[in-house]
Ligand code: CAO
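The data below hold one chain only, encoded as structure tokens and taken in the form predicted alone.
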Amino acid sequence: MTKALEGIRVLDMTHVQSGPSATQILAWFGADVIKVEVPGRGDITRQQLRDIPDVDSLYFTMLNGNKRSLTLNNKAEQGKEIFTKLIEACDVMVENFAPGALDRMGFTWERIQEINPRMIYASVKGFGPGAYENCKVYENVAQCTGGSASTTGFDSGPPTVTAAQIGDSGSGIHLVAGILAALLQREKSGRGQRVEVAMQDAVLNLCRVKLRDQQRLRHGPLKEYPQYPNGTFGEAVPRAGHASGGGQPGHVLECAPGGPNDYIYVIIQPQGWATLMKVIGREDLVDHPDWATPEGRLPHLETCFHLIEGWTVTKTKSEVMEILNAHEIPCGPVLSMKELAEDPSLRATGAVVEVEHPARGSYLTVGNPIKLSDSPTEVERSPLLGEHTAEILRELGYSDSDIATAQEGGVI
């Protein structure tokens, strides 16, 4: 069966996470992704956070599956020649270097267009034009400057970053959307174009409900924030605690036996109030004037959730999930990484995949979260450093003697 992006060749100049997460999705869709790496070292994450000596780290392997690796010193003259041929042969080039890095190598956007007018040149940067344009950025920096940290955590503590990589992988997913749109437009125009994503912008896009709430603050208190029963807000959207952001009160409640992840998130919907109270044995509150309506419950939501927690602590999170779902009451257990890694349903759907690697043996990685009925994803291992260099150069027309000369000169 033909894959969705079969026939599309991607020149992957990315490293660490934001760029590799994007190019891995393209590879999952069937694109031929050629990862260009520095000879002898490769992507810096090959060595970062290693759990086995002298073996590519899980940091690298989980972001670079389904790709081919070519080592190239594109600062050397022969390296620039090879790089030019790669630009000619590819449809998409993706990079997440510091601003101006490729320009300094002599490969400006204008020069790339001269070499290949159909090239789509995609970049992830920290910030767009403005005061921070040339600043370095990392995951947590993007979360802080994009509005996530200021609205995460509890009002009694400092701003908190989330473990979800909304800065890096979040930007990567946005970049994929732009690349696919540019490929589609190229079918009509015949021309390539620039695709740019700023990490700050991507985080802000994922925090749009908080920008919504910032504007709502001008017209009164934000009623869905239960930790502010009296509506005493400052000038900016506060940290949300366990508030859902969707207008339906929710909270993380403890379950038996009381371990660090024995919790479940429960949402109180108006239509489910009576059923929920009957389940926990508080039928007396179903029609009580202080509790029967969302407006009536608002001043004492904290007490309300304490009542529900008095019931959840008597059961495991799985039992609570089963009981509440039978009554169509929205809830979700707090699942640890261990539980997710061992969940057979996630293995069955391909959300978690076990892959064999020639150096480290088997390892777990995430699968493609985007499912296409006519383009199933086959998750493959990450490449060894330079594993496909000779193969790719032969495809570009280089002879074995040319390749040997390049190796001797340290170009590949």
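It should be emphasised that the depicted structure is a prediction, and the values quoted were computed from it without experimental measurement. Numbers follow the displayed sequence, beginning with 1.
Keep in mind the form predicted in complex with the named molecule is missing from the figure; the text below concerns it.
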{"query": "Site check F97, M105 and V124: each within 4.5 Å of the named molecule in the predicted bound form by heavy atom", "finding": "yes"}
{"query": "Partner-facing stretch of 287 to 295, 146 to 154, 68 to 76, 310 to 318, counted where any non-hydrogen atom is within 4.5 angstroms of the named molecule in the predicted bound form", "finding": "68 to 76"}
{"query": "D32: touches the named molecule in the predicted bound form, heavy atom cutoff 4.5 angstroms", "finding": "no"}
{"query": "4.5 Å heavy atom contact, V137 and the named molecule in the predicted bound form", "finding": "yes"}
{"query": "4.5 Å heavy atom contact, L26 and the named molecule in the predicted bound form", "finding": "no"}
{"query": "Exercise: V92 in contact with the named molecule in the predicted bound form, heavy atom 4.5 Å", "finding": "no"}
{"query": "Candidate from M62, V38, V353, L385 lying within 4.5 Å of the named molecule in the predicted bound form - any heavy atom", "finding": "V38"}
{"query": "Those residues of 294 to 321 which, in the predicted bound form, come within 4.5 Å of the named molecule by heavy atom", "finding": "none"}
